[in-house]
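The chain below stands alone, shown as structure tokens; this is the form predicted alone.
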Amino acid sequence: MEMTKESFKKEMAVFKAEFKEDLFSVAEKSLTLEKRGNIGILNFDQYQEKANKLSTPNMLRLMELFMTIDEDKTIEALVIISRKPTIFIAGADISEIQRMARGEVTSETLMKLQAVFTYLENLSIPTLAAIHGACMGGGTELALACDYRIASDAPETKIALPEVLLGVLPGWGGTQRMPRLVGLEKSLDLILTGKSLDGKRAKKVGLVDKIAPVESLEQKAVAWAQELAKSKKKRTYETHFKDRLLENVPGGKWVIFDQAKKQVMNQSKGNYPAPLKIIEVIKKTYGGDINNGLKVEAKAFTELVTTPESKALIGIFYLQEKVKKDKGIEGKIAGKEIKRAAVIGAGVMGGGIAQLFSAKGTRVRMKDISWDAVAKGYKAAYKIFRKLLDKKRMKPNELANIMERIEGTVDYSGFKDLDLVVEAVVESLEVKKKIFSELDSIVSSNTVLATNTSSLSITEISKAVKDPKRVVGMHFFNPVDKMPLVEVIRGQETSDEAVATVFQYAKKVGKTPIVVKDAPGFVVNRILGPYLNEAVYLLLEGVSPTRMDQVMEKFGMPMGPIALLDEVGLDVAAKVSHVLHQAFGERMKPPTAIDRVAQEGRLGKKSGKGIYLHSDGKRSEDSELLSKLGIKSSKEISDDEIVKRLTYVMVNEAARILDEGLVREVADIDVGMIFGTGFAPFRGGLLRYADAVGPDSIVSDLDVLARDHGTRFEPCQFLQQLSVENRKFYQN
């Protein structure tokens, strides 16, 4: 859609009727134009905000400035730059995407905003984006509409088109301009995954043209603009032939699209419409007229944004944003800054925690009972860093510097002045209390003492110290470097300061924390307990492990429950199941089969055999084990019943957790399940899923299951109350 001066004035009037007038005055303050000789500098500095966003008022302000630049014949080249310290442009305003999700914005409206970048692309002078910091979504699309791009070499610079993570596709030309610039294979990889690239990797794939030190980015951008002003050279798509070798072979393009679709289906099981739509749009438009391509893109965007999957993923985005603003407590108490920390226990978990802390700039002492054990912790940490080195995400000297932040020890030397100690030893209450008692006489009175227990009582552990207020749970999930969730557990005596310290530090090291009151299993393991128990009951009733896992992967879980049992370790699962059974009685009674299998040395993936046999990264069913457990041919249990039996017990337990007040709000459970277990994000979380099904339907099905299989399915009082009152978990 072409935007002229006359049509722009008309559209401004229409848009201004939809938005508050003061938003347009804010846009004028946020986007300004200055001139340095014959070079125009378009500054983006969102007024009174930390991040630059492309709201509709800002887009219209951009259009206004582009027209001004077009008319000013003394401006011979343009540089677009951000004045934020770590952000170029964070992307579109998500609240406006929500308006589209409600059907309030049409594809025609989107095309009018697309026209802003088309106008930029068609300016008669060379244009240049100087990128430092986060350049996401619409920010990347603006940069793609420029003739050239220069990025800083700072680690803060991340360039991406992450719209797929919100269940949509790039809607301002990303599906059209990126493939033209870097080729099909690279663009499909970036757009379908939403992955971000730092400046150097972006240059390597051809997404940016030059790299500069952050200190001289503006200077080099302006100097380059002056060169471009002399040559008047506009952008041409100059991807090297070798980078497009396959797509230039007859039929090669279709091979690329077929491979992309197979990969998407393999990873998503078809549960996410956005990746498939992205492939469809690019396949239909690549190599054609860009204006027609933009129409196809806009139509596809408006179709996707109204899907339940997109609405769920946008909801998760807001959950994450809420966590970013949260302090973990009510009131004004601030957590302490963590500069020096220690980890006790140098196993896989302890080594992973030490690796995380050191990677984020914290000096950490790692203690165990022997130097051999400490060496294993070093090895666990180094293994994680080595992967980054192999992928060229880190330089050898950076690896050496970060590893130097980890100091090994077999005693408590150097513990006196620490800010935080995280205990990560075996899951034994006696052992943990002994360690906390020792720490109490060694560390400073200001040191926060955290335990990484997955199920033991924080309150009971805190009795080992004189001041229980400083004891808090900090439950990481395995593997630490990959799992985003941290449960911050408040014991009966834990202070607000201790909670705030650990909560804020968890965010600093890149994790997503939730605050949980002290109770057996806390939130995630307590909800997973009946899920994993039920999986074994289904197994014993004749449902094959492979089929069960496939059913739940199709439902949207990252791995099925039997594969998860083997991943966690059957010995660990058995131990946690007994803790939950002791605490909650008959409904949490585990099948004896878990103990029997673990006692035979079948611990899961780590021992090479569990319920599955594991070899060379692959797993297979063990007919001998299934026969030993007395499992016969599968009885007639439908996929639908498998899903209901496995998910409804989780919903039921989550309802009890809410009723007991163990979390601060409903959303905490969904954050916990999504980021702690990978619960189907496109469903919005466990309780969003429950609301979509309806508490009334769930209670009805649980009643039937309780009649057929026993008390473990009896719906709890809180869930029954929701059903009777026709309410949902979320009230909005």
Partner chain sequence: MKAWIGKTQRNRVVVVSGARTPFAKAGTKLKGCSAVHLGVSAVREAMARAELSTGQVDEVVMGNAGTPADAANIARVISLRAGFSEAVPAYTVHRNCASAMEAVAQGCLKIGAGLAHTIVVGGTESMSNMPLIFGDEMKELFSTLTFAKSNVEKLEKLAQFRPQWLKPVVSIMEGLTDPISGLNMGQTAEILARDFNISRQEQDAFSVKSHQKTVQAQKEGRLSEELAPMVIEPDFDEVLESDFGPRDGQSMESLAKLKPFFDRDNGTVTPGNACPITDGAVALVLMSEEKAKAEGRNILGCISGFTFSGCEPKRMGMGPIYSSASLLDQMEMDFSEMGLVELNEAFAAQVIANQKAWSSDKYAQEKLGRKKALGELRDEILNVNGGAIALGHPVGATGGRLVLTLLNEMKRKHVAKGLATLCIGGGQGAAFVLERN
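For clarity, every value in this text was computed on a predicted model and none was experimentally measured. Residue numbers count along the first chain shown, from 1.
The same protein has a further form, the form predicted together with the partner chain, not shown here; the description that follows concerns it.
Enquirer: Does the partner chain get within 4.5 angstroms of any non-hydrogen atom of R365 in the model of the complex?
Expert: Contact with the partner chain, yes.
Enquirer: Quick one: is W371 in contact with the partner chain in the model of the complex, heavy atoms, 4.5 Å cut-off?
Expert: Because a heavy atom of W371 falls inside 4.5 Å of the partner chain in the model of the complex, the answer is yes.
Enquirer: Would you please decide whether N397 lies within 4.5 angstroms of the partner chain in the model of the complex, comparing each non-hydrogen atom pair?
Expert: Close contact exists here: in the model of the complex, N397 approaches the partner chain to within 4.5 Å, heavy atoms only.
Enquirer: Can you tell me if K628 lies within 4.5 angstroms of the partner chain in the model of the complex, counting non-hydrogen atoms only?
Expert: Result no; K628 lies far from the partner chain in the model of the complex.
Enquirer: If contact means a heavy atom within 4.5 Å, which one of 276-284, 412-420, 643-651, 432-440 is the stretch that engages the partner chain in the model of the complex?
Expert: Selected range: 412-420.
Enquirer: So which of Y378, Y537, F257, F584 reaches within 4.5 angstroms of the partner chain in the model of the complex, heavy atom to heavy atom?
Expert: So the residue touching the partner chain in the model of the complex, by this definition, is Y378.
Enquirer: Taking 4.5 Å between heavy atoms as the contact cutoff, choose which of L165, A574, L564, M403 touches the partner chain in the model of the complex.
Expert: Checking each option against the partner chain in the model of the complex, the one that comes within 4.5 Å is M403.
Enquirer: Can you tell me which residues in 683-720 come within 4.5 angstroms of the partner chain in the model of the complex, by heavy atoms?
Expert: Not one residue comes within 4.5 Å of the partner.
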